[in-house]
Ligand code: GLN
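Next up: just one chain, as C-alpha cells, the form predicted on its own.
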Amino acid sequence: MKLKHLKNIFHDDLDAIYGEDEVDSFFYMLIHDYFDVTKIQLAMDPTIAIDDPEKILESLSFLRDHVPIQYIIGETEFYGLPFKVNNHVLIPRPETEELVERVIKQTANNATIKILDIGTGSGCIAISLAKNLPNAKVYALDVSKKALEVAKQNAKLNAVDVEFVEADILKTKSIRDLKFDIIVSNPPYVREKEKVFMKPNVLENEPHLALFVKDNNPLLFYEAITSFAILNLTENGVLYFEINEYLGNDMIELLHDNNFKNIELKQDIFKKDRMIKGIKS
C-alpha cells in the first residue's frame, strides 16, 4: 500500500476530530517511527509503499478513539530530551518545561546541591534538572510503582543518575532525614469540576491519580508538600510549584501563612498563573 494513499485515509477518518494540520503531524510521526520514512522523503517520492499496513492502521483506530499520539508511539520529547511514556504517566506539557527552565536559570550550574522532585511521573522534571545541573544530586518521589518504572527507564535513556523513592507525600514526613536545597513539584491540581474543559484524549487516557483533586480540597497536595518542605528544606531552601491557573492567590496565601519569603507568582506563555516560588525563612 502506498503511504500517500494511507495519508488520505488518515485525513478522511481524522480531520473532523483533529483538523488537517494535526492529522498531518500524526501521520508523519507514525511513518517515521514505524517505517523510518520522513516527510521530506515522501514528498520527494510519493510512490513509497509498505508491505504491511496493519500497525499504522491500528494506530489510526487508536487516534479515532482519542488515544494520545505519544502513548501510541510510546515516547515524547521534553526540554530537548527523549522520554518514554505510557498510560501510567502524564504526557509532559510545555508549561512544565517553563518550570524546569526557571529552576535551572535560578540555580548555579556548578552548585553542589540536593534537589527533590515530588510526584515525578515520567521523571521529566528530575531528569531534565539532573541533565542540566550536573553537580546536583537529584531525588524523585512518586506514589505509583508503575510510574517509577517508567521514570527509571527514562533516567537510563538520558544517562543521568536520579535516586527514585516510592512514597506517598500525603503520609511521608521525611526521606532518610535528608535535607534538600530545592524541592519542586507538579502535583495533581485539576479540580473535578474542571473536567468539562478537558479534551477526551486526556480524560480517557491519562492517569487520573496524577491529574485530579476534589473540589472541596484543591490544595491538598500543596499543603502536604509545603509542610514537608518546612521540615526538609535547608535554610533559605527554595520551593517551586506548578499550579492551577485559578488558584494563584490561594497559593500565595498558603506560602505566606507558612512563613515562606520572596514569594513569586509567574505566568506561563499562555498568560495563565502557572508557577510559584517561595524561599524558606
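Owing to the predicted nature of the structure, the values given are computational and were not obtained by experimental measurement. Numbers for residues come from their place in the sequence shown, where the first is 1.
The form predicted together with the ligand exists for this protein as well; it is not shown, and the discussion that follows is about that form.
Site residues 117, 183 and 226 are none of them in contact with the ligand in the predicted complex, judged by any heavy atom within 4.5 Å.
With the partner left out here, the ligand still marks one of 85-93, 107-115, 122-130, 151-159 in the predicted complex; by a 4.5 Å heavy atom cut-off that stretch is 85-93. Only one of 211, 169, 72, 165 comes within 4.5 Å of the ligand in the predicted complex through a heavy atom, and that residue is 211. Checked against the ligand in the predicted complex, the residues 175, 81, 143, 202 give one hit for a heavy atom within 4.5 Å, which is 202.
In the predicted complex, the ligand sits within 4.5 Å of a heavy atom of residue 189.
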